[in-house]
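Let's start with one chain on its own, the form predicted on its own, as structure tokens.
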Amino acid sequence: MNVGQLSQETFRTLLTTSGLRVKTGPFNLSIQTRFPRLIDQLHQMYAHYALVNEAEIVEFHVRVTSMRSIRRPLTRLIQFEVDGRSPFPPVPAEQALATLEWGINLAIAMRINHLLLFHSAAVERNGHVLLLPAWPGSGKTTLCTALIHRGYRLFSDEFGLMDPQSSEFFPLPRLMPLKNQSIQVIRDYFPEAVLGPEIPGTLKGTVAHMRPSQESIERSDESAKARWIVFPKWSAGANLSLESLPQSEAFLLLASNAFNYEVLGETAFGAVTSLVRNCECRKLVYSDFDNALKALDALTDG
């Protein structure tokens, strides 16, 4: 049973009492909130996620609570908590969905160490994973959004989750935060995309979340090995360039883009070395979606 099959009343009751327990890739979440606007947003954006029964372990218990500030008595604020602790200061209530999603990502990045976590988008095509590691501002989420609307299966726009022993990557198809100009770009290119509300004034500007496809969510138990590593960079007016990258450079870029490389130490070194040796490594510079998608299609078909 998935979230969308719950009545609005049952959905609200779970969120406001024991918690809404949902499966997201290899992890289970319990979400609690009494904030009406967030409840309505989650009912739409989490519709395809499977429910988790009471007997299953939940890795992360998260909560969004309403609060008032003595210094800002007229401003309604919310506080995000994970396992009873607040990693962020209070933010305006309008930013509840963005704060919840960032908070869950932070908890995953800080607490998961049995897997190697790359700061990377990851999609699957023809049975293999295409990794898209990039620094913030490189346009990886926007490119990832375009790819999954052209036949690729979403693993994640934020994490490449790799088992360092088997080299298998695990899907983590969560809401994808589009930022600023990227929001309208995706609306124009892919009017069928399901986007949540535009949330202005966050630390990253205006954000709107895109809901992953139902297929990507339902196939989140299907892992795969990587075959291609492409470091993307959007640059206004740039001609398309998809160039080979030396393995040594790819190794350094990947290692520096891993959240827990230093924690895993020698295990991480061996895993990244094996990954780079078994993948085609490229650097992509683009300004036009159509050209970039054609180049990546040719790469993943070859």
Partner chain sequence: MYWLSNVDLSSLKIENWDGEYTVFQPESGKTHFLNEMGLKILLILDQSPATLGTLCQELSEYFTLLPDAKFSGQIMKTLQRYEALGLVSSVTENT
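Positions refer to the first chain, counted from 1. Nothing here was measured: the structure is a model prediction, and the numbers come from that model.
Although not depicted, the form predicted together with the partner chain is the subject of the following passage.
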property	result
Contact at 248, 262 and 276 by the partner chain in the predicted complex, all three, heavy atom at most 4.5 Å	yes
Exercise: residue 252 in contact with the partner chain in the predicted complex, heavy atom 4.5 Å	yes
Contact label in the predicted complex: residue 266 to the partner chain, heavy atom within 4.5 Å	yes
Location of the partner chain contact in the predicted complex, chosen stretch of 54 to 62, 232 to 240, 254 to 262, 41 to 49 [non-hydrogen atom, 4.5 Å]	254 to 262
In the predicted complex: members of 197 to 223 within 4.5 Å of the partner chain, any heavy atom	none
